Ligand code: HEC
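There is one chain below, alone, in structure tokens, taken in the form predicted alone.
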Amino acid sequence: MSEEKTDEIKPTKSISATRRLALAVAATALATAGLVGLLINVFEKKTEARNPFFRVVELNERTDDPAVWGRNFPLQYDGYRRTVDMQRTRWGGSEAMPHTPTARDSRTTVAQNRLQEDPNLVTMWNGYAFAVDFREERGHAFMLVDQETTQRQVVVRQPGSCLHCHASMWTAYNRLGNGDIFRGFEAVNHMPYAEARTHVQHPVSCIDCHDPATMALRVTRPAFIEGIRSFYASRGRPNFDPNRDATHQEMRSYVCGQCHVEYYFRGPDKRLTFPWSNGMRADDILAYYERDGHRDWTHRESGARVLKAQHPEFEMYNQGIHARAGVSCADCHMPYRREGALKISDHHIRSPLLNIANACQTCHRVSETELRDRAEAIQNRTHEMRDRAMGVLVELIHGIGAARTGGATDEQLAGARLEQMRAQFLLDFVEAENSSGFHAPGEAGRVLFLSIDHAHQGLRSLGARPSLVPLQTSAADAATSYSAADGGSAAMDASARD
């Protein structure tokens, strides 16, 4: 019996050992194949990362069509095209409003009308083109069409200088200046807007920020080159050239600062100028204008010679904690993102509040909800201060207007008008700055405090006591100020800024 049992067991042991050996060999083969596959994949990804684009087309200094660049850089171009998105945050961005196309304006959608949202803006800008048409900002894809179709083009003869920030100008400046962008810049400054528009085809494009041979960032706008040079010269660093002297991280803000700035048209040549030789704070720029004597228009109700501030994001950003920490504009508005093995800058330029995971959480390790709440708390406080400043400014404007109607002389109103100009510019500096105070909360509050103080001084010079109650003005009433009886566009200042 025992021998029979032994004969039955031996084959079983042999089969079991064979299976174990086969499984071991198979597992080893699979592990080896997996390791080889992993190594191949790593090699491919490293190769892919070392070659971030395929040279499908040759780019040169005349290639201003972003679609052509997109053939070499499809991922970046994909983001660029998405700037057509219209999405609001709590205090910024735009939502698509239907628009009936006309012979002059073929748009089917526009952004919401800010004058209807806050009629006090009409009072502040009474007599200026912004009191006729002012809408929420839209993405870069719309920057050219929105400028050429705004009603501001109807009521005022705008100069070609306005295209400096709304179109792809590098090739136009080179062509008109025979290779000298400063000569081309001067030529465009002299042109009426309609004539200058014939020299450009695209909104701001790849070539306006990148060297087509090396892809290096570069500044292409003469007004910025002159402005930043004057800023550094006032601080003991003459002949600063951003394309030669700036760091790569600085350039990631400078390419944005070419356009997101305060500016004015200097002299009869309408030379586009960034007023930075005193500094970049709002009151530094106000002091520059007071010394220079520049004013944008005469306020229709008060008779004051006043100023219009324009989207000073770069100036306000430079007063904030992010700039002090070395964080660039692109770090937040064009944060890096992963596409396979590639790390690229997101060219879907937008509010960081619409992209918190990439724009904010790389540095701030808290939830998206918490980060959004923090940002909106800053913006809510700024808007509360802004509304207070607007209320007392409107009260001053109406007070001067009433005194003027009552027979007060220009000499008697001079002090109040000067304070209106100061209060209005400082308020408008924060109003026009598109972060709603977030770029530099303390600085925005300081500027609004100065605005309120100047408005109070103006009211005191009239013998009035400020109530600080926000007042409202009808947008419909203000629109009538541009009737034919008022002279239409002929009544507007030729120096009007877009």
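Everything numeric here is computed off the predicted structure, so don't read it as measured data. Residue numbers here begin at 1 and follow the sequence given.
FYI, the form predicted together with ligand HEC isn't displayed, but the following is about it.
The three residues Ala233, Arg281 and Tyr289 each lack any heavy atom within 4.5 Å of ligand HEC in the predicted complex. When you look in the predicted complex, the only residue of Ala96, Ala408, Leu371, Met191 with a non-hydrogen atom within 4.5 Å of ligand HEC is Leu371. This chain is displayed alone, yet in the predicted complex one of Arg338, His364, Arg104, Arg175 has a heavy atom within 4.5 Å of ligand HEC; that residue is His364.
Residue contact with ligand HEC in the predicted complex: Asp118 places no heavy atom within 4.5 Å of it. At least one heavy atom of Asn434 is located within 4.5 Å of ligand HEC in the predicted complex. Using a 4.5 angstroms threshold between heavy atoms, Phe240 stays clear of ligand HEC in the predicted complex. Taking non-hydrogen atoms only, Leu217 approaches ligand HEC to within 4.5 angstroms in the predicted complex. Just one listed stretch, out of 400 to 408, 419 to 427, 84 to 92, 384 to 392, contacts ligand HEC in the predicted complex at the 4.5 Å heavy atom level, and that stretch is 84 to 92.
Along 120 to 150, a non-hydrogen atom within 4.5 Å of ligand HEC in the predicted complex is carried by Phe130, Phe134, Arg135, Glu136, Glu137, Arg138, Gly139, His140, Phe142, Met143, Asp146, Gln147, Thr150, in order along the sequence.
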